[in-house]
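Okay, here we've got a single chain as structure tokens, the form predicted alone, with questions on binding and movement later.
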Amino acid sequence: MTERLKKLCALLSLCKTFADVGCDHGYCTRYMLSRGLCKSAVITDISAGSLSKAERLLENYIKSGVCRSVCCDGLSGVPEGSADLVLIAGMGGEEILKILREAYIPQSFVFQPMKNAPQLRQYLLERGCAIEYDGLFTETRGGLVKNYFVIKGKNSGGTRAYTRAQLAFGRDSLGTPQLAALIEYELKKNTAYASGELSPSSRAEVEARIAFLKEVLSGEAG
């Protein structure tokens, strides 16, 4: 299991039925079942080939009837209310949004968008979700540090309105060394870009982004 998956698993909590949407190899489901953190599980993937990897890993659980495998798009094979904790990880925020819009927001969820996390946060907040954790973790692979945002919560209860900085980077990421390193990297990239030839509108956009990043880094961003 990769470092990313280990950190995701640490955010999963006790439930009755666990659903892993876009399950890939099925490691998170094995984690839940092997530790008795759920009584039953559902694994899904839009790709039959990808799903077969998880089916091999979870073969004994499937044979015993505690794990169900469904080849489907998003949550279409997980009826609303049939799973009280849903994990959707390793896909873009826009893709996660599409899944939620076409189906429903699960009772409890852990979402790990690979990009477009602000749009996903905005959607969840607008629909009255209670965000329990909205942070950032890193994984070092091949000498490179990769950053991952993760959002854990429930589909009701509401959350206090986010500031611009919280919406951009996650409420629980602010002030952490991991976010500071990410912002410093983005600052260098944007500063280098601003040194080139840009149209007035593009330059204004980049300079505004640099100013915002500096505010977040200093803790002054609203």
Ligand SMILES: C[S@@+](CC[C@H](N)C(=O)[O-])C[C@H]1O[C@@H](n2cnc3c(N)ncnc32)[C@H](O)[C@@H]1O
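Numbering starts at 1 and follows the sequence shown. Being a predicted model, the structure only gives us computed values, none of them experimental.
Beyond the structure shown, there is the form predicted in complex with the ligand, which is absent from this document and is the topic of what follows.
In the predicted complex, at least one heavy atom of Glu95 sits within 4.5 Å of the ligand. In the predicted complex, the ligand stays beyond 4.5 Å of every heavy atom belonging to Val78.
Remark: His25 counts among the residues lining the ligand in the predicted complex, judged by a heavy atom distance of 4.5 Å or less. In the predicted complex, Ala221 stays away from the ligand, with no heavy atom inside 4.5 Å. Highlighted residues Asp134, Gly153 and Asn155: none comes within 4.5 Å of the ligand in the predicted complex, counting any heavy atom. Taking a 4.5 Å heavy atom cutoff to the ligand in the predicted complex, the contact residue among Leu37, Leu57, Ile62, Ile46 is Ile46. Only one segment in the set 103 to 111, 120 to 128, 86 to 94, 138 to 146 has residues whose heavy atoms sit within 4.5 Å of the ligand in the predicted complex; it is 86 to 94. Counting a residue when any of its non-hydrogen atoms is within 4.5 Å of the ligand in the predicted complex, the hits in 68 to 86 run Cys72, Asp73, Gly74.
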